[in-house]
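Quick setup: one chain, the form predicted on its own, written in structure tokens, and binding and motion questions come after.
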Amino acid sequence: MKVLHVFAHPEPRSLNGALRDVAITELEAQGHEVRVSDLYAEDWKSEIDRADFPSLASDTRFIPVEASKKAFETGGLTEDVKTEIDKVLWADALILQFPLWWFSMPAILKGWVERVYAYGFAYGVGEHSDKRWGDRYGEGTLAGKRAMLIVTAGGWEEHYSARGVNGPIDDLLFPINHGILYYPGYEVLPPFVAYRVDRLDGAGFELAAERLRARMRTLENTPPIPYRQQNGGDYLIPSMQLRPELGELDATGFALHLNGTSEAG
């Protein structure tokens, strides 16, 4: 497989940096071809603004969606964005690696998503009608590719459990897994999460590293998170509400959007 690894940590000597090296070494040992986008090292521009659209007239109101659509259609995106889009299209699998800061990804990685996910590339794709609402959530430009997260957290695993004070880790990562990765069509694998990373000793790191190696060895065949496909019949179009008979017995919240939840009736 061809793997794009997008890394978002400002310190290469961090535990995150060590885990990145573990992941890449194992992937290459398995015969995969790996490319790395090291966002801090490359001084990636986080914010999306007028500078991203050089052809936009100075007296034109800046509407990011419209500017993105036109720039993508005309080949007018900036070179750094074009380079990342080419990497995404090249890769069979995408790995996003980051520390969990304030319950989300670092701003630099969010900025990578906002700038690289151009209109017409990652969204605004496909037919919009009373039968389909675009090619998204299981369909789209990136359908057939795999994606997963490698995440480090300072808190205890218990803090991110179903009854933990921070909320379940699957819920915290849902906007990324479902909203950023599944939306443009990726098959999203369960995330790899390392907890209490600020307190890991050598033995603790080796345990985490071996868990990560195991995940890298199974990148091609780990079953993806079974999200419901938007145009697969489970959602009413155009309201995009789950059909009332689905998922009423044993799921609430984000879990409603997983296939396999019990159906009433």
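All residue numbers refer to positions in the sequence shown, first residue = 1. Just so you know, these numbers come straight off a predicted model, no measurement behind them.
Absent from the display: the form predicted in complex with ligand FAD. The rest refers to it.
- Contact with ligand FAD in the model of the complex, defined as any heavy atom within 4.5 Å, is confined among 98-106, 129-137, 174-182, 69-77 to 98-106.
- Although the partner is absent here, Arg199 is a contact residue: one of its heavy atoms lies within 4.5 angstroms of ligand FAD in the model of the complex.
- Taking the partner from the other structure, ligand FAD in the model of the complex has a heavy atom within 4.5 Å of a heavy atom of Gly155.
- Shown alone here, Tyr235 lies farther than 4.5 Å from ligand FAD in the model of the complex, counting heavy atoms only.
- Using a 4.5 Å cutoff between non-hydrogen atoms, Phe205 counts as a contact of ligand FAD in the model of the complex.
- Taken together, Thr141, Phe254 and Leu258 are entirely out of contact with ligand FAD in the model of the complex: none brings a heavy atom within 4.5 Å.
- With contact defined as any non-hydrogen atom lying within 4.5 angstroms of ligand FAD in the model of the complex, the contacting residues in 9-36 are His9, Arg13, Ser14, Leu15, Asn16, Ala18, given in sequence order.
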